[in-house]
Structures are given as C-alpha cells and as structure tokens.
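Next up: just one chain, as structure tokens, the form predicted alone.
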C-alpha cells in the first residue's frame, strides 16, 4: 500500500468519524486490473476501501453537482480545477465541500499498456515510478512516465489549486515549451484534410453519450440532445447528428474545460474526444490569457466584457 492510499484512508476516516462530512468521494479497487472506480464512503470502515494509483483517471468533481450533503472529495489537480468551476457556477458552495488534495504525477494510458500483451492483463502493480504487468505467460516492467496519458504529459497544474488537506508533499510542476503542439498540427491541415481528420474520429461513434456523462461540465438540466421541443438533433446514427453532438458539446465547454481527459477515459470506442475541445482551450489561453479553474477571484472570459476584448471573430 502506497503512502497516498494510507493518508487518504486516514484523512477520510477522521472526517467521517468527527462528523465534518456526510460522505467522502474517492476511488476503490475495480473488479479488473487497471480499473480503479469511483466510490463513496459514509463510515470510517468504508473509507478503508479507498485506493490511489495511476488508474484513478475519472474526474470525481462530476459527482458533486447540486448535492446537498457535506462532501469530502479526493482531488488531483484537474479535479480541483473542476471543483473551482462548480463553485464559480453555483453548483456547490465552497463551505459544503472538503477537498482532500492529491499532488499528481500523471495517470497511465490503459489502452497503450493493454496493447503490450497478447492476452488480457491479469495483474497490475506499481512501485514508485515503475509498473509491473502480467498476463498469461507474459510479464513486462514499464517506466510509468513513458506510458502517461496524453493530457497528463502536458499538464502544468499537477497540484490541487485549492484544498483543505493534502495527502502528500506538493510535486514539481511541469514546464511545457509548446503545450498546444497537437492543436497546431490540426490547424496546419488543409480544409479537406482537417475534415477527414474529424470524420475519422467520429467514424465509430455509437452515440452512447459516455463522454457527456463523464464530463464534470455537462450538468445542464436538459441536454440539447434530449430536447424534443424544439428538437435540435435526431436520435439515430445520421452523420450530421453525430457531428452536431460532438461540436456543440465542445463549444459548451469553451472557457471551462480543464483538459482532465474524463471524456476519453469513458469512451468505449477509444475516440480521441479531446481533439474537439483542445482548440477551445488554446483559444481561451491565447486570446484571453485564461486557464479555467485556477482561481475563485476572476470570472471566465465568456462571462465578462471588456472594451479591449478582441473582436476579430465578428469581422
């Protein structure tokens, strides 16, 4: 058991025992290797089931929306930024959430690791920055850093931006020379090539809405895909409806997306959903100097107006 897991269990147990929170949101061991899943503890005993490893990829901020109980929540850097979003957008008061911060050095890409073995992974172990995987007659020792998720490779806010407690010492933040290299590559494409790129991404979308359901920003009382009066898009697999869903969902995240990667993690078809939101993350930063979820003291650019704001998009 690593120190993070020990401290998460200790802090969570103390909060529940003292009655400072009604429940704690964390991660528990899944039924398969590389499958840590969201879990709730309402008693100190239940908190002993919490774990922390490089498979805690989902964003737990997704579960605090409009809740009424006093909540403790385990939060890595991107999770904490989405908690800030929730507070800013009046989805939960600051004093209703107790943030147990986890300094994070990144989550691993399960698909790349699974592809290393011919058979399914039977065992997954971590020791520091080294990962051991075993299958039927196969074994590999991996360097964790070489198998990080794409969004973790370029994350510059690994430490929780707000917290009430920490499970470990703060980690060194990364300095990325060109964090938007992926976006620039798409921007550099000719029109037809760019169209084909996104058509290829959507070619196997089954409209399950897992990306929407996992996203901590998608909490509209009625999603536009479910509206019937008026009906914005159809319910079938018409290519136009699929495109409309993904592009409109991305625009709804403009100035709000923290690039946590929960959408890609949840997608059963392994679609690179971040390609739809990364351009908007880049534009928010380059046009407005805005990174969402870093402060409670400044309103997002799409909520404010300044005379000197760029208006080139109007012309």
Partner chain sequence: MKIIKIDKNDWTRGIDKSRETYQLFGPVTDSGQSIFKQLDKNAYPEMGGTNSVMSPKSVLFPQTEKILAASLDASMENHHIMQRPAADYSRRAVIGIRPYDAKAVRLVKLNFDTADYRDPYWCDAHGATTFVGLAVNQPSAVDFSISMGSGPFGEEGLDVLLVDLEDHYLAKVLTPKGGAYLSDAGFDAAAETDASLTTIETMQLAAEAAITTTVPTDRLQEKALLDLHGAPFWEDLAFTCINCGTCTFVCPTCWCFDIQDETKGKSTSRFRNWDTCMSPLFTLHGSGHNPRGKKTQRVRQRFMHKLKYFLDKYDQGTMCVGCGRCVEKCPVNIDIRSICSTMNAYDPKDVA
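Numbering follows the first chain given and starts at 1. Being a predicted model, the structure only gives us computed values, none of them experimental.
Form predicted in complex with the partner chain: not shown, discussed below.
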Exercise. Is there a heavy atom of residue 268 no more than 4.5 Å from a heavy atom of the partner chain in the model of the complex?
Worked result: yes
For this session: Answer yes if any heavy atom of residue 54 is within 4.5 Å of a heavy atom of the partner chain in the model of the complex; otherwise answer no.
Result: no
For this session: Consider residue 207 of the chain shown here, and say whether it contacts the partner chain in the model of the complex, taking contact as heavy atoms within 4.5 Å.
Result: yes
Exercise. So in the model of the complex, does residue 284 come within 4.5 Å of the partner chain, heavy atom to heavy atom?
Worked result: no
For this session: Select, from the options 286-294, 250-258, 32-40, 272-280, the stretch whose residues sit within 4.5 angstroms of the partner chain in the model of the complex by heavy atom distance.
Result: 32-40
For this session: Give a yes or no on whether each residue among 83, 95 and 174 has a heavy atom within 4.5 Å of the partner chain in the model of the complex.
Result: no
Exercise. Of the residues 231, 156, 138, 196, which one places a heavy atom within 4.5 Å of the partner chain in the model of the complex?
Worked result: 231
Exercise. What are the residues of 233-249, in order along the chain, with a heavy atom within 4.5 Å of the partner chain in the model of the complex?
Worked result: 234, 235, 236, 237, 241
